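What follows is one chain in structure tokens, specifically the form predicted on its own.
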């Protein structure tokens, strides 16, 4: 019900808000898709990745490279599936290397691979234009050229509704995944890999599938983000950007399905206002995230759910919820 209301609100927002906020919201929805993918690995499989920026960059650069070197096929209905395919292939190759490891080894290995991809993008100047980055023009759609349309008008009208359609479909598919027997098996692996193995779950194979799905979601987010941004550069492959994806997920709450969506939207607007109102936006953002983490250990989404429980529960159940925070 909440998601239906949220979707209806997204649909009417272009009629209520200035274009500027719709563009910022478009960034946030792209990050929300990336956070959903990230949380499949963290919240449901128990693997913390510090290298998911690499998939985001792969999706974004796939779109940018097609625009630069294959303009004849640079059409939205073609580049998005290609970005999905390249992201899936990349995740399959990287996952074959990384998924053999868990915990800190997995995190560090992902960070290292992310920095390798960052270096490749940075150094292959003749292809990627290195630190100069690549422009991402408005793609054609169903054979129609939209290049004459002002970019802000395209993002806040046609592309915005395409973006929320993809966002809704991605969220629904992710909900089906985590609610399916496959999703329950991932949660069993997260809680106790040894016990999951003993009851017949192929732990490595399920982790591998989860990793590929997570990479596809993050690559899709990168592809959509590149069209909103109109430009892509190596910074989106850097490990610090992986940290931002992790921040978004933790801020919203990785124990709640909608937590990553909430976190991506809040983080995007929090960062925006911090940049506008202070030159010390990194410090301000860091303090805000630290405060949220200390006060709401289950994220903002988890905190809201706990407040709701306190309001509707009986006295004994309220005491349990409050004690949980006191212990932390």
Partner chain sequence: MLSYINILDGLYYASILYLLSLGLNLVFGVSKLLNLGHGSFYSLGAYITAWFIGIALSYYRQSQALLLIPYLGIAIGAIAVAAIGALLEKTIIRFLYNITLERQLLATYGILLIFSDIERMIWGGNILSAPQPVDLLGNINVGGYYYPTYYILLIIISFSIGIGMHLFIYKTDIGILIRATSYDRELAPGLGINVRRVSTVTFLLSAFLAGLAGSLIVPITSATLGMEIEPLILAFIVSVIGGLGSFWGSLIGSILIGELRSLGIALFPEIELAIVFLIAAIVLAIRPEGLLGKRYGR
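Positions refer to the first chain, counted from 1. Quick caveat, the model's predicted, so the values are computed rather than measured.
Separately, the form predicted in complex with the partner chain exists; it is not shown, and the next lines address it.
- Shown without its partner, this chain lists 231, 197, 161, 182 as candidates; in the predicted bound form, only 197 has a non-hydrogen atom within 4.5 angstroms of the partner chain.
- Proximity to the partner chain in the predicted bound form, taken as a non-hydrogen atom within 4.5 angstroms, holds for one residue of 211, 225, 254, 167, which is 254.
- Taking the partner from the other structure, the partner chain in the predicted bound form has a heavy atom within 4.5 Å of a heavy atom of residue 250.
- Not displayed here, the partner chain is kept clear of residue 303 by more than 4.5 Å at the level of heavy atoms in the predicted bound form.
- In the predicted bound form, residue 171 stays away from the partner chain, with no heavy atom inside 4.5 Å.
- For the chain shown alone, residue 240 is a contact residue for the partner chain in the predicted bound form, at least one non-hydrogen atom being within 4.5 angstroms.
- Across the options 216-224, 106-114, 69-77, 151-159, residues that bring heavy atoms within 4.5 Å of the partner chain in the predicted bound form belong to 106-114.
- In the predicted bound form, the partner chain lies within 4.5 angstroms of at least one heavy atom of each of the following residues of 23-62: 42, 48, 50, in sequence order.
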